[in-house]
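A single chain, nothing else alongside it, follows as structure tokens in the form predicted on its own.
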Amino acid sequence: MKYALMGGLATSLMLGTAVGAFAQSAEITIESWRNDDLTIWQDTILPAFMAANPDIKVTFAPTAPTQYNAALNAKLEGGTAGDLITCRPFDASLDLYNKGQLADLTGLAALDNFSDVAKSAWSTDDGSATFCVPMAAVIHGFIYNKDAFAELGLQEPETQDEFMAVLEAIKQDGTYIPMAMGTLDQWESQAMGYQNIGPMYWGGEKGRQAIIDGTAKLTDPEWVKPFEIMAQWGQYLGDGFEAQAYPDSQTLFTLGRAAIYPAGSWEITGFNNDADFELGAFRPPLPNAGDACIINDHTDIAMGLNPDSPNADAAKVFLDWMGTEEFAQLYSNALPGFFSLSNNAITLDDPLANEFISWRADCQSTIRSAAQILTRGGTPNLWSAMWTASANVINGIQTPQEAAAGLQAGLESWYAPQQN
């Protein structure tokens, strides 16, 4: 099947156009932290580009993820960085741009094939400049054991009431733990809990921007409601979930001991490899039947241009190719669960990845609520505070209202738009 990504706008740049735009030999190098992707780039992605652009040789030269930021900064400052820079989302890349270490790509044809939401992670706060071409996002939802659902006669829930009924039915049967999620590491309580179900309550981008603008507060009902739902989760997570780490939850699910896993699409490859049962996925439950669907479709990775590159013209040919359907399809199939952010219609080979990406056709997309601006330089850090608050609510240590009040007080202590 084909799905229109982020609205279905057909690509305006075909590969042949990029070929015609460059007619001299050049060698370009890509800097990246995704060293686990080396063979994918070498064997699949780069050969496709170079076959159509024989005068441009591209080398993918990754650095270990934990060393990437420091190594890249040293190379950029020393004038030895590659021509293309793989960009992390939001502030890390914005800092490079502000220091003149990423070129302004505004006007690049490839960018016409991406929505404003897709570009937001690599644009200035006012949106006047974009400095990286978006590559991929990850989508939040719930992965489930189809065999377990069939055995218990359960259907995918569509609304919050149906979701709670499914959890209760699994609990009453007793064969499976209803959901595999622990709170020991805290981050998944926030990422796969609060950020998973929350956007439909706070209104996705509208709600996120309202917090940034200071016109809404984290203590408003739409921000408290997801906590109220999560406060009910503890009874469905199995004994000892408070001491259960992220890898424990993954193992619990892939061994078939739990029926549902609050997830991100990044789990697809690992779950495909480790589970011996059929996997399914369903969207975050609607608050009520007929409500608008909003998914967390979080921007994750992009590509920018080193402004000091001696091969900038050739590098721009590659960046323009990244806006094409061919690149979107190659990348998304090579890395199931990391979905192209472009508007191109693509075909995915993995059925579970196809299920996740199909939600874009029916749902509005948003990003994680505290990913942009709201964690920039302030103490306490809102992102980290959301980890703790989400885990505390599930553990029953804080009420939803107490958790929200703590987050709001922390944000108000340093963020000027909220000090009114």
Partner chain sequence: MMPETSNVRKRPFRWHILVFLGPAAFVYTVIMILPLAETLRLSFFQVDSVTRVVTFVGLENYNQLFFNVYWVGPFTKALWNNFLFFVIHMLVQNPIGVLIAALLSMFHLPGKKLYRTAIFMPTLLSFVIVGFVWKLMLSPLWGVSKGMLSSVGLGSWFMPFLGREESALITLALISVWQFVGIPMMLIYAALLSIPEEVIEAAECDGVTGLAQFFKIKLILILPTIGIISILTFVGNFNAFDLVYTTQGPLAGPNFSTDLLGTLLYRTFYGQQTQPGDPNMGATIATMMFFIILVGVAIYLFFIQRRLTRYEM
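Numbering follows the first chain given and starts at 1. Small disclaimer: the values here were computed from a predicted structure and weren't measured.
Note that the form predicted together with its partner chain isn't included here; everything after this is about it.
Interface membership of A74, defined by any non-hydrogen atom within 4.5 Å of its partner chain in the predicted complex, is ruled out. Proximity of P62 to its partner chain in the predicted complex falls outside the 4.5 Å heavy atom cutoff. Proximity of A289 to its partner chain in the predicted complex falls outside the 4.5 Å heavy atom cutoff. Within 4.5 Å of any heavy atom of its partner chain in the predicted complex lies no heavy atom of Q329. Contact with its partner chain in the predicted complex, judged by any heavy atom within 4.5 Å, is made by just one of T388, T44, S358, Q364: T388. The partner is absent here; in the predicted complex, the one residue of D313, E156, D248, D350 having a heavy atom within 4.5 Å of its partner chain is D248.
For a residue to qualify, one of its non-hydrogen atoms must sit within 4.5 Å of its partner chain in the predicted complex; all three of Q186, P380 and A409 qualify. Of the candidate stretches 234-242, 141-149, 321-329, 216-224, only 234-242 has residues with heavy atoms within 4.5 Å of its partner chain in the predicted complex. Taking its partner chain as it sits in the predicted complex, the stretch 384-401 comes within 4.5 angstroms of it through a non-hydrogen atom at S384, W387, T388, N392, N395, I397.
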